[in-house]
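Encoded as structure tokens, the following chain is the form predicted alone, with no partner shown.
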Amino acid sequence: MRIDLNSDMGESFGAYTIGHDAGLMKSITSANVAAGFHAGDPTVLRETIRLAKTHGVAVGAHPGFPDLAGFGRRELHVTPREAEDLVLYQIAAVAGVAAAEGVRLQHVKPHGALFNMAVKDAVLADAIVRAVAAFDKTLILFTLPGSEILKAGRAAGLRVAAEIFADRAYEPDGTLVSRRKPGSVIHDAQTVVKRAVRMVNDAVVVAIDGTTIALEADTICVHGDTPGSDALAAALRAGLEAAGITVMAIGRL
């Protein structure tokens, strides 16, 4: 078995430090780099790509809603054209800086509310997919298994990677439990590792109501802004490898 391990990176900006990028880079295989809309700034963007290159970590764009105050986790209702353009803009920003550093973009992963809304909103999903395809149809699209955006990506001929979340609770329908609900984020490392190994080996996860649901698993996310995320990622990688699972960037699978 093989799996990619990704994390949201480059989300510091100005005077604000968010996440544990330096520590996370030692364990992950793919970095989702913010482009300045929900988090990040030009200097952080470049530094994050340089850090990924140093550690041999693949780089992807992490586009979100233009919502620094809400960290991109508030739902914004934009037109399909606006959604397509804001995603395209952010992909181009990350890809351009990556090219300047001699790094080729591997993937695109929408952030926060943009990600969650596109799980169920086919029109928004299509707009995001159009932006990815317009920039580079060889990019891999990270998205939730069974989602509208996964279907749209496949229909457009994109390579898609079904993303699972070791540190997030699931609803019975396979969507993520809202961060506004208690228990939505799992912090215990042993629990996270145990869940992840089962998700990869058995393609199932236990939902918040106790039911077992099936899911695809191509890449696992550890949220960079979760307290102790660097230690969690290290434990997760060690646990996966101890279970005989090869951890490597999705573009090399």
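Here the rigid core means the biggest group of C-alpha atoms that line up within 1.5 Å when the two forms are laid on top of each other. These numbers come from a predicted model, not from an experiment. Quick note: we count residues from 1 along the sequence shown, nothing fancier.
If you look for the form predicted in complex with another copy of the chain, you will not find it shown, but the lines that follow are about it.
Across the proposed site, A69, R81 and D85 without exception bring a heavy atom within 4.5 Å of another copy of the chain in the predicted complex.
Note on contacts: among K26, H187, K194, R50, the single residue with a heavy atom within 4.5 Å of another copy of the chain in the predicted complex is R50. The stretch that touches another copy of the chain in the predicted complex, counting heavy atoms within 4.5 Å, is 90-98, out of 174-182, 141-149, 104-112, 90-98. Among residues of the shown chain, G40 is one whose heavy atoms approach another copy of the chain to within 4.5 Å in the predicted complex.
Although the partner is absent here, I245 is not a contact residue: none of its heavy atoms lies within 4.5 angstroms of another copy of the chain in the predicted complex. Shown alone here, A155 lies farther than 4.5 Å from another copy of the chain in the predicted complex, counting heavy atoms only.
In the predicted complex, no heavy atom of A234 sits within 4.5 Å of another copy of the chain. Residues S12, F13, G14, A15, Y16, I18, A35 are the members of 12-35 with a non-hydrogen atom no more than 4.5 angstroms from another copy of the chain in the predicted complex. Once the rigid core is overlaid between the shown form and the other one, R81 does not reach a Cα shift of 2 Å, moving by less than that.
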